[in-house]
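Okay, here we've got a single chain as structure tokens, the form predicted alone, with questions on binding and movement later.
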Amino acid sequence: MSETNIDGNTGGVSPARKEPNHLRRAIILWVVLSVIGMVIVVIISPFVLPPGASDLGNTDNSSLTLLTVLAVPVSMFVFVFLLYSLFVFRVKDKPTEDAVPLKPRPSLQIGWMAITGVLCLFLVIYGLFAFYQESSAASTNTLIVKVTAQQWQWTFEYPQSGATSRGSQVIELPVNRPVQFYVTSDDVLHGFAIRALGVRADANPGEVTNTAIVTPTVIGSYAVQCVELCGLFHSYMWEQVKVVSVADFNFWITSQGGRP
């Protein structure tokens, strides 16, 4: 006569519990968390990134948002599978036998290479397209500004008007007029950056680096910073650039000894 065990089954052996599909679980978690993370990045980006004050500044912000959104599923892939393995497959005692050896599957390898290859190809094409737009932005009436870095201040020259501003803490640019900076250094390596305008260039001793043509579109005050560690007072090497109307800019140029 058969016996009924505590599980309610007849017979002396309980049926084996079915092992869940861990891969499916991990993939579902990865997809859900990736979507949530990408939505959060899109929502908070306008509040985290400084507002752009030029065409290049806006492009910088959109590029940072796009690249961060693409990075979310990549990072979540690592974190989800790592944490899932740590919590689901943890054991209290020291293992007494080796784990099941992993067998590489061509489909996984091809899939992994295809996904990473597509991401890299997209980034290369996106970067080349953005670089082409910046480098081919020909414009008339471009304002040339020569920037010279030295420990620990900036010198700005306006060769078209003959004005020079050295260590004044404030320089001015006209709104809606294309500007190109020619950057160099008198001593060590510096980094010239105006984040709101999307301007960034190395200041190399004895070399001149020209930036992409940028058009300030929003009147306001923005920070000029050195972004390369250049010595003891590197953190104090900053000035202010004011984007002003054309009339105010011409008045300022005259005050600096130049001609409008």
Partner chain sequence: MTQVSVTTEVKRPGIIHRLFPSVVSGILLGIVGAVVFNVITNAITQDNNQDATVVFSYVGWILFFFVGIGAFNGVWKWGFGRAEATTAEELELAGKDQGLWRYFRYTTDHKVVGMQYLATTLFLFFLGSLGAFMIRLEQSQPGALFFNPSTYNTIVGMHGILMIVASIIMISGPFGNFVLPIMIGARDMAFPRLNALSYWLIFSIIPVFFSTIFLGGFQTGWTGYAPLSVQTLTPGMDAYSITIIVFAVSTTLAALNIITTVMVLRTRGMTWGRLPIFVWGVILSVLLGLTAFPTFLMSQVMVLMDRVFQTSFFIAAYGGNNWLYEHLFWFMGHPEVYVIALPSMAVAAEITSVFSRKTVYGRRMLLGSLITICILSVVVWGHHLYTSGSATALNAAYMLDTELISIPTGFFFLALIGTFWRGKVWVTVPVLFIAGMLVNFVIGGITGIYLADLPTDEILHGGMFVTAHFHFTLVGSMVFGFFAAFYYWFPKMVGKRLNPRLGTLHFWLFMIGFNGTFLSLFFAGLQGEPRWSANVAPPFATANLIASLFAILIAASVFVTIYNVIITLRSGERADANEWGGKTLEWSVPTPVPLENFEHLPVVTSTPYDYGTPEPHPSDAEGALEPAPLLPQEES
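For clarity, every value in this text was computed on a predicted model and none was experimentally measured. Positions refer to the first chain, counted from 1.
Below, we turn to the form predicted in complex with its partner chain, even though it does not appear here.
The chain is drawn here without its partner chain; in the predicted complex, the stretch among 141 to 149, 154 to 162, 170 to 178, 76 to 84 whose residues come within 4.5 Å of it by any heavy atom is 76 to 84. Checked against its partner chain in the predicted complex, the candidates L232, V35, I28, I43 yield a single residue with a heavy atom inside 4.5 Å, and that residue is L232.
Residue contact check for G220: none of its heavy atoms lie within 4.5 Å of its partner chain in the predicted complex. Contact check for V246: no non-hydrogen atom falls within 4.5 Å of its partner chain in the predicted complex.
When its partner chain is considered in the predicted complex, F251 lies well away from it, no heavy atom lying within 4.5 Å. Though the partner is left out of this view, D60 does reach within 4.5 Å of its partner chain in the predicted complex, counting heavy atoms only. Interface residues of 96 to 114, taken as those with a heavy atom within 4.5 Å of its partner chain in the predicted complex (partner not displayed): E97, D98, A99, V100, P101, L102, K103, P104, R105, L108, Q109, W112, M113, in sequence order.
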